[in-house]
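Below you'll find only one chain, the form predicted alone, shown as structure tokens.
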């Protein structure tokens, strides 16, 4: 029998995780449960544990002290497990139905025990299969508005906000974002990954001094603007869905940063899916999927903007913040930042270390290359036009021009 020692971290196996859960009282008989490691991410182990007698199940997520995608040569702090768990608990205060429930945790083992979402599918996978989810705009727009407002200066006041921000200092994972989103794609970095036939487009990007300058400004915002608590990695692979339910997962990159970063990340991934669908989808349903994605971009922002404005006008910490003029000012900045960060996220997914199946899974090599080139140019346009495109309709009009 594998023994789990007190207060000494060690990576779990499918056997030792059951010993741990039994000691914690979360299962009664490890001989009557099944356990399977299913993690396909870059940073963690994920175990699904199912009780054969009650048919109930739970998820055990454990952080590893290094990035799985690279290995032990890329060490990471285990404190990110605490940060992820606390970010889920913060979100549950405002949108409990939109995040998985946390049942238990152990910071010594970098473990969180939470709700099993096996009856959901990853949004990215569902979209690639051509499925349409009628509530995703409402749910993600609400998630963003509630979380981004309620952790801000305007909600908490400066003192309480700074106290909360201290809990989410996340240097290791912020360093990953700083490198992979804002730095490496714009130079000949070892971490970059792209096909040889894209070299001309990549070198053109590297030589675009105007673009490099704009990205440098966005990186400075990411580094210095601690506006609110972010999820930090909100892409379509971080959202579980059914037709009726949406659950946002994996906030281990959570930190205090610019509000537009989370919204931009989500819109960038919808944009990449839209570009991919022009090469992937059958003509019979391409238009339906494309229209759905464009509507989702527009409606996600519309729901976010409406709810954020309501919260600010109702709960703004200072009276002068509870005005439409101030709300217009805040939301205009968030929208501009959203576009800029969406551009960086779009480019990074083509040139940088971690790609998306949306684009890489296009079977036709010519079609895949065209999608990669369109994504790079779309990223450029998002960055350059962030102070010009005043609403999501400007973005969706641009994307319509890419449609077949």
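If you're wondering where the values come from, they're calculated on a predicted model, not measured in any experiment. Positions refer to the first chain, counted from 1.
As for the form predicted in complex with a further copy of the same chain, it is not shown, yet the points below apply to it.
Mapping the unseen interface onto this chain, residue 171 counts among the residues with a heavy atom inside 4.5 Å of a further copy of the same chain in the predicted complex.
When contacts are judged by a 4.5 Å heavy atom cut-off, residue 201 does not count as touching a further copy of the same chain in the predicted complex. Remark: residue 93 does not count among the residues lining a further copy of the same chain in the predicted complex, judged by a heavy atom distance of 4.5 Å or less. Interface membership of residue 311, defined by any non-hydrogen atom within 4.5 Å of a further copy of the same chain in the predicted complex, is ruled out. The partner is absent here, but in the predicted complex a heavy atom of 182, alone among 182, 240, 149, 133, sits within 4.5 Å of a further copy of the same chain.
Out of the listed residues 80, 124, 161, 307, 161 is the one that sits within 4.5 Å of a further copy of the same chain in the predicted complex by at least one heavy atom. Stretch-level contact check against a further copy of the same chain in the predicted complex with heavy atoms at 4.5 Å: of 241 to 249, 138 to 146, 106 to 114, 225 to 233, the positive one is 225 to 233. Scanning 322 to 350 for heavy atoms within 4.5 Å of a further copy of the same chain in the predicted complex gives 325, 326, 329, 330 in sequence order.
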